[in-house]
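The chain below stands alone and is given as structure tokens, in the form predicted alone.
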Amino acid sequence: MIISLKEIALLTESEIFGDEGLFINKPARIEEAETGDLTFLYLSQYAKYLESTKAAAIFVKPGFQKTRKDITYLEVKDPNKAFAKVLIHFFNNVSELIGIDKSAFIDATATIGNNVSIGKNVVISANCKIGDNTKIFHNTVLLENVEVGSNSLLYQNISVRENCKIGDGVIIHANSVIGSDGFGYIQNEKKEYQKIPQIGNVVIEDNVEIGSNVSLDRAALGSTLIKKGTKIDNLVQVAHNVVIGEHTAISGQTGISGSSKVGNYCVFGGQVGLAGHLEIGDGVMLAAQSGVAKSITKPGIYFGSPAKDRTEAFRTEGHLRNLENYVERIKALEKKISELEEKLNK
């Protein structure tokens, strides 16, 4: 795709400094850009690549020092968002899948909408409902009574268990499992674990995106619920009866234990862990590797294990880093006290 720089400037409301007649081949990272590419400079640590990049044009913040004259600059308030806008508008291509492959199995009782694409070896079981314009890629299996809305995209090797519901505009990446059994057991008098039937389902609302290798466990009773607009990264575990609010972002390797409730507009860093039956309020941000053992209802940034308000956590971390010095100071004080006591005793 060849795009004029004027089109890009109009889309992003940016000001051109340089060759206004330039055409762009593709977007690229500043350190990897080739001749004809568009890139951006957002974080200061990437400024070191400015002198060596081969990019033809670059998004920068207003007032940026334009030392290279062979690059065209696009001044904009937020280069990162401007670059993302270009990607979304011009390069948002969905993998090609057209029609229904002859190797797919579709039960006679299933309802298939208009313009649905179904890949090789897909299984769509009894009483499933698939909305218009949805794409289901190769080897994906939908068990009985599954509902998938319109304009959704299910990539290859996804398993969706019985009775689960997926909304409109949902994207689920490869190898994820929707509706696996929750981790529910009870010990008998011999302390043997007996399985508790998990008879609920998973409900994924509209415009949710689920990464690859994610497990969303079905509820023991009722529904495990992922509300609209939420984004879940790769390798995330969501246990039975969890509720995740609207427009929340959860990074990779996070684990959320059973029956916990996460609010709207939350952000979790990588490897966050939540104990069971907790409540996380709206607007809570948990830094990477935070361990949450108690409910957090006040908006803010939290860090550590157990998770604390960021200011308190960083103060504690600072003390831990100085622990060796503290030990030496305490030893010196103890020695002085001992010497004073000896003098007083004499």
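Between two forms, the rigid core is the largest collection of C-alphas that superpose within 1.5 Å. Predicted model only: the values in this text are computed from it and were never measured. All residue numbers refer to positions in the sequence shown, first residue = 1.
Same protein, other form: the form predicted in complex with a further copy of the same chain, not shown, and the subject of what follows.
Note that among 108-116, 67-75, 128-136, 141-149, the stretch whose heavy atoms approach a further copy of the same chain to within 4.5 Å in the model of the complex is 141-149. Contact annotation for Lys298: none of its heavy atoms lies within 4.5 Å of a further copy of the same chain in the model of the complex. Heavy atoms of Ile98 never reach within 4.5 Å of a further copy of the same chain in the model of the complex, leaving it off the interface. a further copy of the same chain is not drawn, but in the model of the complex it has no heavy atom within 4.5 Å of Glu34. Contact check for Glu317: a heavy atom falls within 4.5 Å of a further copy of the same chain in the model of the complex. The partner is absent here; in the model of the complex, the one residue of Cys164, Val170, Ile244, Ile158 having a heavy atom within 4.5 Å of a further copy of the same chain is Ile158.
Applying a 4.5 Å heavy atom cutoff to a further copy of the same chain in the model of the complex picks out Ser180, Asp181, Phe183, Tyr185, Ile186, Gln187, Lys190, Lys191, Glu192, Tyr193, Gln194, Lys195, Ile196, Pro197, Ile199 from 179-202, in order along the sequence. Leu10 is not among the residues whose C-alpha shifts by 2 Å or more between the shown form and the other one once the rigid core is aligned; its shift stays under 2 Å.
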